[in-house]
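Single chain ahead, by itself, as structure tokens, in the form predicted on its own.
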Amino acid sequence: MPHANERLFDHQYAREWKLKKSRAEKDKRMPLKDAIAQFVEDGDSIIETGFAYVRGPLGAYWEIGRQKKKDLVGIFTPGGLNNVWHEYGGMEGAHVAYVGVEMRGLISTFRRGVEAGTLKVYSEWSHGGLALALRAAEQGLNYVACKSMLGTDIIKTNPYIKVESDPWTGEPVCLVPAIYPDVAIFHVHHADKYGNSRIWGASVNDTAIAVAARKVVVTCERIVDTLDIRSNPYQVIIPHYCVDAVCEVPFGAWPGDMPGMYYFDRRLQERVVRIEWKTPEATRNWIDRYIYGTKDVYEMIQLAAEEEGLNVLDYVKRLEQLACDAAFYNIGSWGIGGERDWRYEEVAKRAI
């Protein structure tokens, strides 16, 4: 089989794969462990979904680590906590629009790999450029023409982007090729047994990714009856015919945010980013405790509760309720996914 980078931009390979894929409504429920074993293969390219640690399928990413998948190629738009894959040997390189955790700081594991040359950066993109590459795949186009990335050094270093003259105006345009990831894993609020998936709040690039990816695994907070899904089809972001496996994984976005259900585990994320992952030795210790030392997200949460001395599930659910209340009363009727008031003084003091 060709390298993941060759498959990423191979239109014919992607189309042949899609034509063979069944569109029948069939029961696709299975344990997360089985879905990762079956649909994530060594050497696959795997793309971020959600918005990194906002509705990111972190429970599935931890399971990838437990199964010690190797030689993966990441596609980060943006990339968040899942970059620890590299630290335990699972990732060889990445296509990158952004990697980090915003106000929490940079991801030390990713930086160490790039600086040491053990993690290859195959290409850099703007957020808009990578989104357009996915949109081209969704719409069955070989490429799209745009202005994004013109006038930047991205053009000089990205081997997949071409600059040509617009045949109508003569102006320079950027030709962005369609991109077809091997694997996409989504964490959604609800799904039925066929894979029809409901998302509350922003879908980011997920509608395009679901069509562009060859293999799609859905993890969800709850599996619901198909009649429930049909009662409100407008929230169905991912259709069943794109999906290969459905896994019920409550709190599957933890320690990230699940809009309307639970908030970031701020204490854990701050501690991990600012302290636990600062050195290879500390990162290995965290991985041994939290990934290899647990069997699922529930055991990870239990471990966090013991170390932090608080009820983690109650903590993140209460924070989300406060966030939604603040969004509604202080900013306006934003409802689910509204603005939050982020303060991290308690953990910042521990990091000094």
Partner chain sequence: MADYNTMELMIVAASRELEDGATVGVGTGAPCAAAMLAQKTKAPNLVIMFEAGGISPLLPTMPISVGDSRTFYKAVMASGMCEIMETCQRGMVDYTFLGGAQIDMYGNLNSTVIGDWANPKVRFPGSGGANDFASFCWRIMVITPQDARRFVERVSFITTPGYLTGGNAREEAGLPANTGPYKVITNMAVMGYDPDSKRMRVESIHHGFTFEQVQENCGFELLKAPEVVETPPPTEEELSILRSEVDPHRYIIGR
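Everything numeric in this text was worked out from a predicted model, so none of it was measured. Positions refer to the first chain, counted from 1.
Heads up, the form predicted together with its partner chain isn't pictured, but that's what we're talking about next.
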- request: May I ask whether 253, 296 and 300 all come within 4.5 angstroms of its partner chain in the predicted complex, judged by heavy atoms?
  value: no
- request: Flag residue 220 as yes or no: does it have a non-hydrogen atom within 4.5 angstroms of any non-hydrogen atom of its partner chain in the predicted complex?
  value: no
message: Since only the chain is shown here, I'm wondering whether residue 98 would be in contact with its partner chain in the predicted complex (any heavy atom pair within 4.5 Å).
response: yes
task: Flag residue 154 as yes or no: does it have a non-hydrogen atom within 4.5 angstroms of any non-hydrogen atom of its partner chain in the predicted complex?
output: yes
query: Is the gap between residue 200 and its partner chain in the predicted complex 4.5 Å or less for some heavy atom pair?
result: yes
Contact residue in the predicted complex, chosen from 180, 88, 277, 264 - any heavy atom within 4.5 Å of its partner chain: 264
query: Of the residues 131, 236, 282, 224, which one places a heavy atom within 4.5 Å of its partner chain in the predicted complex?
result: 131
query: Heavy atoms within 4.5 Å of its partner chain in the predicted complex: which stretch among 104-112, 67-75, 245-253, 224-232?
result: 104-112
query: Who in 35-64 is close to its partner chain in the predicted complex, meaning a heavy atom within 4.5 Å?
result: 51, 53, 54
